[in-house]
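Only one chain is given next, in structure tokens, and it is the form predicted on its own.
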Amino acid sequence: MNWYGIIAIWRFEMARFFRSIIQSIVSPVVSTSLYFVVFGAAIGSRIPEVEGVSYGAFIVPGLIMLSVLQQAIQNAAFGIYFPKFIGTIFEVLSAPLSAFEIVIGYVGAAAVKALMIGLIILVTSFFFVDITIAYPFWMIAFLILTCVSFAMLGFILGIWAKSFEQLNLVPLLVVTPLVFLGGSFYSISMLPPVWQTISLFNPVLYLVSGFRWSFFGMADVPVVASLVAVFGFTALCMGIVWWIFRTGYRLKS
């Protein structure tokens, strides 16, 4: 394992993250604070509790997931797309690094950035609502798995994209709506039976449900199903990344 090469990629990506501190950290925190004000105050006054949990606290896991998914995808996508755009990707590919090591460097950096944002937002939430985390270990485990899996998805999107417009296409038009419709701000038990069934086909529901279970011990779907969904999605992304490097898809042309 070429740890020097992995660390070099990781440090380069992290340095870019800290150079844009306002966009990388301040912006997500301010946006999340606005969600707390709007949803927690306006809607929370009409929905005092959801299954015994105050509405302000209930939306915390969903808000964290919303930010973490966006940050993991965007950081990983831009991290691999920019070298493609300026042509330095060929230097990375010609370096004494295996495909596995390249992926660890880029995906690892994006996952760490998303994890940092998630933890910062968690700390920020304590200023707005009272939260007790029932299962801290599983909360961190779900958070790390989500960061890694969606960083890999972002890595795939960064390789697939041919323009900056395509780079933002999937996060804006696919991922964000799925998060909003995945029980981030409500429990699917509040929906009519037909929509409850339809919601079960939303993969983000399993992430949000498992993450919320780690906070409050309550979930829309069984925790085992959430874990299977996360590991299955991670395995799928790993398979696609393996195929990309094996075929050189949009990397060597």
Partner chain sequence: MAAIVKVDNVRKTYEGGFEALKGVSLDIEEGEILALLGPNGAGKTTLISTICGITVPTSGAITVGEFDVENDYREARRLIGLVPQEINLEPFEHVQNTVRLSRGLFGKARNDAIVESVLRDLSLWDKRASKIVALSGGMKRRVLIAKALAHEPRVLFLDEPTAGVDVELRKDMWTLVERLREEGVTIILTTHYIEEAEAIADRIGVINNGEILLVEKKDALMARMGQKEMRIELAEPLDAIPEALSGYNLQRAENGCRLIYTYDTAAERTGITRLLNDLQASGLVLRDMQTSQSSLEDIFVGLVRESA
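Residue numbers count along the first chain shown, from 1. These numbers were taken from a predicted model, which means no experiment stands behind them.
Below, we turn to the form predicted in complex with the partner chain, even though it does not appear here.
Of the candidate stretches 85-93, 152-160, 178-186, 67-75, only 85-93 contains residues with a heavy atom within 4.5 Å of the partner chain in the predicted bound form. Remark: Ile9 counts among the residues lining the partner chain in the predicted bound form, judged by a heavy atom distance of 4.5 Å or less. At the 4.5 Å threshold, heavy atoms of Gln166 stay clear of the partner chain in the predicted bound form, well away from it. Contact check for Thr124: no non-hydrogen atom falls within 4.5 Å of the partner chain in the predicted bound form. Proximity of Leu97 to the partner chain in the predicted bound form: non-hydrogen atoms within 4.5 Å are present. Taken together, the three residues Ser54, Gly56 and Asp130 all stay farther than 4.5 Å from the partner chain in the predicted bound form, as judged by their closest heavy atom.
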